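Here's a solo chain for you in structure tokens, the form predicted on its own.
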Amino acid sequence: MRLPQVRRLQVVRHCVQLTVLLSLFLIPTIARYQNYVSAREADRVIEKWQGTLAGGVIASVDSVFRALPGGETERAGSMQRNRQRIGRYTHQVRGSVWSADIGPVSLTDPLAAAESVVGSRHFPWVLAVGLVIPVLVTMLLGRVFCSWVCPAGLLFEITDALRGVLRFLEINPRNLRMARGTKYGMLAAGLLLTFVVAAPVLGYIYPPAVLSREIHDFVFATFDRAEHGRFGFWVGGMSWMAVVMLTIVAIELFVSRRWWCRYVCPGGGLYSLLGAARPVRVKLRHESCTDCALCVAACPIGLNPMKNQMGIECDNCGACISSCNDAALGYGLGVHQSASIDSDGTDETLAEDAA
């Protein structure tokens, strides 16, 4: 059967999202582990915290790094931790989805770069290097960061699923619609304010940056508490930015489906503009379409794949492809010609993609 096979695409996509989310917990954990290794405290910490979550995590990370080539060296007849080699390993991945270094590769979110340039009035070459891969991928595939990488996107998809639970409980959430152009207005206003105050304003409300920052603080606070003999989870160190995330979740749950990604996200707006002429896009095979509208219901962005009305807003998540029983949708090459955005949030393509 075609449908179960195509749904593997969504399984792969969710695995990528989950991997990115888990990395946000893992990266600060590795950084803290490296601190213990550098201070020759790793063995003491593992022994002292034995039987606790923090101790188990540090012990697991230590086992992995010691198992890597050169992670251990023989001294005085026993295998001991190779601090220098482990230090090199732990520095291979640093940062978050906002800005990261993976080995020799530097990656920077285009919105982070835009705010940095506008706020500082300077465009350093290091920043340009970090933009190469994200910009090229976006120009080729469109705003795939939103659907395949963004950890907040996974959170909002879970929230979207909870709307179905509310309907099952006979609690009907509203679906307020806005103009899709709102996100572009947010992008312009945010960059203008960044220019005026010389501070990254959008970084304080942009969900991927906020979530990365809050997870980092949560991990470090957990280890700080463990060092004082207080174990277990603690959320008291979360900042006001966590309230921003909770507010977005509440709006998407009760007021407007996928509100942030559809109408408001300045990062999504920037990715849409950068990927406006992407060659790889979802294509409709008119001869196979039976007008069942399953793809329209499946589209998280609220577009209309059944009428080939997707335009620059499509994030190539493939949900419409996975929902189609008729093999009428698939990825293909094409050139987007023009599109308009109406006031109720429906993207109307004025010209079909070129064959």
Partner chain sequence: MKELTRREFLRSLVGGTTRAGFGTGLVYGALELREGRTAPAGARGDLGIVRPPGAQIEVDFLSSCIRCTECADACPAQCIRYFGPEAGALHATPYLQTDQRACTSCLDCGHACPTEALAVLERKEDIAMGTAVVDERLCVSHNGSGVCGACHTACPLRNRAIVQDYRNAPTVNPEHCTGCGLCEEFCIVKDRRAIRVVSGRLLLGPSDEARS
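Model, not experiment: these values are computed from the prediction. Positions refer to the first chain, counted from 1.
This next part talks about the form predicted in complex with its partner chain, which is not shown.
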Candidate spot 176, 192 and 294, all three touching its partner chain in the predicted bound form (heavy atom, 4.5 Å): no
Residue 272: touches its partner chain in the predicted bound form, heavy atom cutoff 4.5 angstroms: no
is_contact(residue 148, its partner chain) in the predicted bound form, heavy atom dist at most 4.5 Å: no
is_contact(residue 38, its partner chain) in the predicted bound form, heavy atom dist at most 4.5 Å: yes
Contact label in the predicted bound form: residue 28 to its partner chain, heavy atom within 4.5 Å: yes
Answer option from 158, 133, 255, 199, heavy atom within 4.5 Å of its partner chain in the predicted bound form: 199
Which of 278-286, 181-189, 261-269, 161-169 lines the interface with its partner chain in the predicted bound form (heavy atom within 4.5 Å): 161-169
Heavy atom within 4.5 Å of its partner chain in the predicted bound form - qualifying residues of 95-116: 95, 96, 98, 99, 100, 101, 108, 112, 115, 116
